[in-house]
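One chain comes next, on its own, written out as structure tokens in the form predicted alone.
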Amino acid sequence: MLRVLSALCLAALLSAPGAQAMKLKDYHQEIMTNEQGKVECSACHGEAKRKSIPKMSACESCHGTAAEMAELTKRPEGAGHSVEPNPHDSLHYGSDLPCTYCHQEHKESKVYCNQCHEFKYPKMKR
């Protein structure tokens, strides 16, 4: 019985390295890793609990405001429907949709609008 309990405790400890075991996207790896090689989870998550969703302000601190992202990703003038709609300036939500609805750090990102539409954003970093 003691061996089984010890094995369960060891398994729990080994499965709990937490954020260090979380995969980061390559383009964030360098930015989020400190000199000791440890990932600074607080850069996105702040001091909140470990599995909290980052606030939009955390994304904006590096990537700019929602309005600035909408400006960067706007459709070229006169493109019409040959170019997908601006994902950061939605017809339905404007620029109010939180970044994390599409962009996810620890798993594959997805296009939130594709729950109802079929947009393809070829330059979207996954």
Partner chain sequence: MKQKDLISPGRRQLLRGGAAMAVSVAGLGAMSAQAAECTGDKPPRFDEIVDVLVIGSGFAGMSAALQAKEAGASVMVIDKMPVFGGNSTINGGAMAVAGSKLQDKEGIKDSVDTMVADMLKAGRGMNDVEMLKLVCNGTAESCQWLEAYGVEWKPFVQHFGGHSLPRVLQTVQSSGAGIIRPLIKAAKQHGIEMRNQTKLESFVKDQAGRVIGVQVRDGYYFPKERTGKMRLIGARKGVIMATGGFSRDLEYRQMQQPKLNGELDSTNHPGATSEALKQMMLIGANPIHLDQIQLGPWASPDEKGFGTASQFNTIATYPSGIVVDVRTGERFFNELADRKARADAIMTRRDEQGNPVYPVGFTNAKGAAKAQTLEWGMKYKVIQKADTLEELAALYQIPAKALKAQVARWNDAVKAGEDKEFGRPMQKAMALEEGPWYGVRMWPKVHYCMGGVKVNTQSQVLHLVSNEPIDGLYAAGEATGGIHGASRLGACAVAEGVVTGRNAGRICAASAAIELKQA
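Positions refer to the first chain, counted from 1. Quick caveat, the model's predicted, so the values are computed rather than measured.
One more form of this protein should be noted, the form predicted together with the partner chain, which is absent from this view; the next part is about it.
Among heavy atoms of Cys62, some come within 4.5 Å of the partner chain in the predicted complex. Among heavy atoms of His92, some come within 4.5 Å of the partner chain in the predicted complex. The partner chain in the predicted complex is approached by Glu47, whose closest heavy atom lies within 4.5 angstroms of it. The closest heavy atom approach of Thr33 to the partner chain in the predicted complex falls within 4.5 Å.
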